[in-house]
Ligand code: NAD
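Given as structure tokens, the chain that follows is alone and in the form predicted alone.
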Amino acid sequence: MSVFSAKSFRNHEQVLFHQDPASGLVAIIAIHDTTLGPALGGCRFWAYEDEDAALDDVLRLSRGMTYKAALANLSFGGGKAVIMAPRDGTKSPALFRAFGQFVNSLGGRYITAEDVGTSPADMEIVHAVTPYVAGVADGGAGDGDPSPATAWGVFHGLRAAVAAKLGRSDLHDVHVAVQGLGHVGGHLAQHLADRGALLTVADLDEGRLAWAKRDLGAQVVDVNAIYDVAADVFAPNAMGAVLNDDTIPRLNVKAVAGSANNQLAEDRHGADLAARGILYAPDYVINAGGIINISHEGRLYNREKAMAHCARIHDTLVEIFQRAEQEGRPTNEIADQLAEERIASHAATARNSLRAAVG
């Protein structure tokens, strides 16, 4: 397995592999860019097909975190961790303690947090070993679970997409096809229903589907049928790479706006969506609520201010949508460029300050 020739390698600063036979831990931490600050990104626990799949995931996710922090105007760089789970999905406190030691060995260069397959309880175990954990309920310093903040940001990002594509300032009777009703998707579905949106949902969990049907009035479809639903918005909130050569031709929506990471199987799929007239809200922009909430953690944590910051994702997406229309380019290309411009500007400012200090 070659890291430098991996398809998703994009000038990453560090990629670290670690195993602990006693606990069964097999993990990778990728640090993409620390220009803006220490690398922050969640720890994903997943049964990957093989090591190459795990490496590709951590490389793509860490790069997305760099851009996410940049476009949210945060003083963090981008990083990510993946733990290669056994097929039965078994987790143990020993495994997360070993992961905490791995994180701690980096001395704060990487800060971990909850992600797919991990929970606030898992992160509390990690936190007992290392201080370099975000999103834990540490003496009132934060919420612990970043999912509600992520969902709140996605909700406001979806509003921006609806306004840009449908010309609507409200969500009453706007039809949203929601893929995934987990930690974020469930909160998002509730926000949408509260504003009068019509929901069609898909999930592997029968209990979640029953809740959505009973409490939100949602229509339920099979997980493979959600791509074919005629709706206004498709909201992917599960795993990545769901926008690909097979699914994009099936979409019958005007916009895509959801919380899943790495929604585009490849960057070129952003252009494919644009060619079909489907407005895409870049995933690392719309789902930045969790990292925004984390940035507010501390003794003076104020939930109202944190949520107001999450809501400003709406404004960032408006800027991206407008620029994409003006330049005739896919929204994911515009978002990447904006993030890179902000990182380059910060780096230039730092260099000038250093020259002034030594000159």
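Note that residue numbering follows the sequence shown and begins at 1. Computed from a predicted structure; not experimentally measured. We call the rigid core the largest set of C-alpha positions that still match within 1.5 Å between the two forms.
In what follows, reference is made to the form predicted together with the ligand, a form of this protein that is not presented.
When the ligand is placed as it is in the predicted bound form, which of 168 to 176, 102 to 110, 89 to 97, 232 to 240 ends up with heavy atoms within 4.5 Å of it?
-> Answer to the contact question: 232 to 240.
Just to confirm, V136 within 4.5 Å of the ligand in the predicted bound form by heavy atoms?
-> Flag for V136 set to no.
Answer with yes or no whether G185 is in contact with the ligand in the predicted bound form, where contact means some heavy atom within 4.5 Å.
-> Within the cut-off, so yes.
Would you please decide whether R63 lies within 4.5 angstroms of the ligand in the predicted bound form, comparing each non-hydrogen atom pair?
-> R63: no, not in contact with the ligand in the predicted bound form.
Verify the contact flag for P146: yes if a non-hydrogen atom of it lies within 4.5 Å of a non-hydrogen atom of the ligand in the predicted bound form, no if not.
-> Taking the distances in the predicted bound form, the answer for P146 is yes, it comes within 4.5 Å of the ligand.
Of the residues G157, G77, P282, G180, which one places a heavy atom within 4.5 Å of the ligand in the predicted bound form?
-> Looking at the other structure, the residue within range turns out to be G180.
Contact residue in the predicted bound form, from A275, A128, V223, A210 (heavy atom within 4.5 Å of the ligand) | Of the candidates A275, A128, V223, A210, V223 is the one lying within 4.5 Å of the ligand in the predicted bound form.
Using the arrangement in the predicted bound form, list in sequence order the residues of 258 to 292 with any heavy atom within 4.5 angstroms of the ligand.
-> If the 4.5 Å heavy-atom criterion is applied to the ligand in the predicted bound form, 258 to 292 yields S259, A260, N261, N287.
Quick one: core overlaid, is L317 moving 2 Å or more at the Cα between the shown form and the other one?
-> No, the C-alpha position differs by under 2 Å between the shown form and the other one.
Taking the rigid core as reference, does H296 move its C-alpha 2 Å or further between the shown form and the other one?
-> Stays below the 2 Å threshold, so no.
Core-aligned CA displacement of L61 at least 2 Å between the shown form and the other one | Comparing forms between the shown form and the other one, the L61 CA shifts at least 2 Å.
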